[in-house]
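Next up: a single chain in C-alpha cells, the form predicted on its own.
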C-alpha cells in the first residue's frame, strides 16, 4: 500500500449530485453534478489522500439496478486491482443504496476498502450533507484499519456494513442505520474509529459469477401483506417467468391463514419463497413465521424484503441452497 493513500471516487449520480431551484426547495433533480463539481467544495480532501475520480453514471438511483451495478462492480474491481490504489469510494443515490451496497458486497472479491456514500439533501440545499459525507467516506477509505471489512457505507458520521445497512427515514440526514448489528465505527473529521477488529461480513464476494453479462438474474417478486388485503394480485400472477417470491409479512413473518395454502402451492410448484417482514427492524426465524421452513420456503432472518429479494435472485442464479445462504447471513450459534 502506498505511503500516501490514493482513493478513487466513482460517481453514479444521486441526491449528492443533485440541484434544486432554491436552497429551501425539497424538490430537486438528482445526478446533475460531476465528481469534479463535488470535490470543488471540499479542497481539504487533498490532505487526506490523493484523489482521482470518474463519472460512471449520472442517475437518480431509483433508476439503478443490477445492470448498472454490474458495470459499477467491474469498474471498482478494475480500480482496486491497481497496486497504487488504496480503495474506492462510490457516490450513489440513497433510494437504492441498501441494495447497491449489498450487491457489491456479494459480488466483489477484494480486501481493499470499498465505501459507498450519498446524501439526503442536494448539493444546492441550505445545509447540504453531501460534502461531509464524501469527506468522511474518503477518510474511512484511506484509513489503515479499513481493509478486509467488506463493502461499507458511510453516512452521517457512521460506518455501516453493507450487509446490515438500512434506510429508516425518507428525508432526515440520519436516515441510515445498522440492523441488527451495531455500526462498524464512527468517523469525525480527522478521526476514524472502528469498534472491532477487521472481520469481513458473511458472503463477501460469494456471487462474483453474477458480474458476467451472460448471467441472467431471475425475477423475484415482493408481496406485502396488509389487513384485509385480498391478495388477488399475487394469486393471479403468471409464474412462468418467475422463480422466487419474497413475502413481507406481519411481525415475525406471519401471514393470513387464508394465504397459506396458496403460498404452499407455489412452493410445491418450485417457486422459492422467502418470508421477511414489513417491520423496520426485521426478525423472521423459522420458529416465528406462519409457514414451515423447508426446501422452497425460507425465513429471511434479519434481511428486509428488498435485500431478501436481491439475495434470493443471486442465490437462484448461482444454483446455491437458498436456506443455507440465508442462514449464513447471521452467526446464530
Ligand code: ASP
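Small disclaimer: the values here were computed from a predicted structure and weren't measured. Residue numbers count along the first chain shown, from 1.
The form predicted in complex with aspartic acid (ASP) is left out here; the points below concern that form.
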Heavy atom contact within 4.5 Å of aspartic acid (ASP) in the model of the complex, the stretch among 264-272, 304-312, 282-290, 57-65: 57-65
Interface membership of residue 45, aspartic acid (ASP) in the model of the complex, 4.5 Å heavy atom rule: no
Distance check, residue 185 to aspartic acid (ASP) in the model of the complex, heavy atom within 4.5 Å: no
4.5 Å heavy atom contact, residue 93 and aspartic acid (ASP) in the model of the complex: yes
In the model of the complex, residue 38 touching aspartic acid (ASP) (heavy atom, 4.5 Å): no
Stretch 9-26 - residues with a heavy atom within 4.5 Å of aspartic acid (ASP) in the model of the complex: 14, 15
